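Next up is one chain by itself, shown in structure tokens, the form predicted on its own.
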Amino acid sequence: MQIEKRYTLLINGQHVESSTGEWFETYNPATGERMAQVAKASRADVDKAVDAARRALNGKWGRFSAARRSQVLNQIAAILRARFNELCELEVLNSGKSLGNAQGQVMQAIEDFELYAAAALAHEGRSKPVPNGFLNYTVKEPVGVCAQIVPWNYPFMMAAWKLAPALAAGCTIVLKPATLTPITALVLADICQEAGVPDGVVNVITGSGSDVGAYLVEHPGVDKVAFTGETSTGKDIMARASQTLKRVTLELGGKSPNIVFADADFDAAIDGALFGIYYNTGQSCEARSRLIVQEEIYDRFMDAFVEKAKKLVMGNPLDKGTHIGSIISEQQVEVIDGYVRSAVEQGARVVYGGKRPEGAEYEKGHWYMPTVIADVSNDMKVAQEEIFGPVIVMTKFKDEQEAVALANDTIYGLAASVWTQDFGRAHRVAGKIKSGIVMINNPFSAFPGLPFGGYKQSGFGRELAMESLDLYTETKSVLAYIGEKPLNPFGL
């Protein structure tokens, strides 16, 4: 497909260059080829975007009814459906993920907007019982101007996860996509405009996270920050936002366990574990990267898992048969390889992968083989830190108590999978694991309408569900006196 040579900022409904005239380049991770130049925003551009969002909040958008916002969200979804193939291809080119992955993620983004189109009409206040002569009711009002910062691993879907509930609640937005993958977020913002979102409601700032991203978080004109990304950055954002007591929601890192009991459906657990780590080339916050297997089946499970991993197809992300796409950057390849080497140094075994793939098709771009590391103890670096790549580490356990202890022995608490045919055990273990998402006998962590978010240092707040609207609204309590006699509290 033909790619534009340059992408500009979107401020107050207008495509504009950076106030400094600076640009940065974005690349196709699978080939290393330059895709486009993107405007590099300055702090002055952030000021303009926040001001535009504030004026839109107090202007036309603020007068949109919930029903009208719902119509706009449905129109966004309709345009996304019409441009589905184009958006999937663009996402593949800018992120290096496989076409199959991109198709699932773009479809979920569409369903997101449809979900929140309905949710906008269902989000309501309440009337509370109060003493005679009084009337109380609560109303939901938009929290205000929202800074939304999304990561490079799911550029389009994460932008939808943020934009849809904010628009449904009546907020205005300054969106900052990742520098590595800004293109589909910019296209999504254009589609919002086309669907009838007024000028200034959705603004997009592209550029340095450490500069304009940090400035956006601290900006006194921003009322809320929503961030998805690594935990260390989330901590920094929380500290910066605290200076003005902004509302904050954080969806951060994970080191999610995949617990397989000896009585599990063996083949289903193999296939589910394979998907849980290698989906999106392992570049997922909720990737089930710790495979914790009961000792009775550990060796057999490892052998079968490796045999299935060898069948995964790595290559051109646009080929329909590709399972494993490229890594986002050469820097990330080096990070992944460093973790694998550290595991070997600490006594673990690489039983498959553990290196860059060989072949002419991998000479350009950024690639790393699906990797299996066995005999990992929970104190190893690879068991405790987020690798963010196609690397799974295997640990054995004796009984249910040890499985739960191993699963919870981490600073993270985003997701977990449990495989067993014992109904009671499945729910007992699910109740003991400290994570926001627990999957029983399946590898799927996110459907529109189901809350997504973590415990501990995986962040707080929930996305993808009705609960998200509460994070984008304030609850106002109105207490009215409607009695016949005037009130005289002091009795004077």
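Everything numeric here is computed off the predicted structure, so don't read it as measured data. One rule holds for the numbers: they count along the sequence shown, beginning at 1.
The following text describes the form predicted in complex with a small molecule, which does not appear among the structures shown.
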Looking at 164-172, 223-231, 402-410, 373-381, which stretch has residues with any non-hydrogen atom within 4.5 Å of the small molecule in the predicted bound form? 223-231
Contact assignment for the small molecule in the predicted bound form, among Pro198, Pro142, Pro151, Gly315, heavy atom within 4.5 Å: Pro151
Given that the small molecule is left out here, which of Ala348, Ile237, Ile327, Val293 has a heavy atom within 4.5 Å of it in the predicted bound form? Ile237
In the predicted bound form, does Glu111 have a heavy atom within 4.5 Å of the small molecule? no
Report yes if any heavy atom of Val217 sits within 4.5 Å of a heavy atom of the small molecule in the predicted bound form; otherwise report no. yes
Contact of His366 with the small molecule in the predicted bound form (heavy atom, 4.5 Å): no
Given that the small molecule is not shown alongside this chain, does Gly213 nevertheless sit within 4.5 Å of it in the predicted bound form, heavy atom to heavy atom? yes
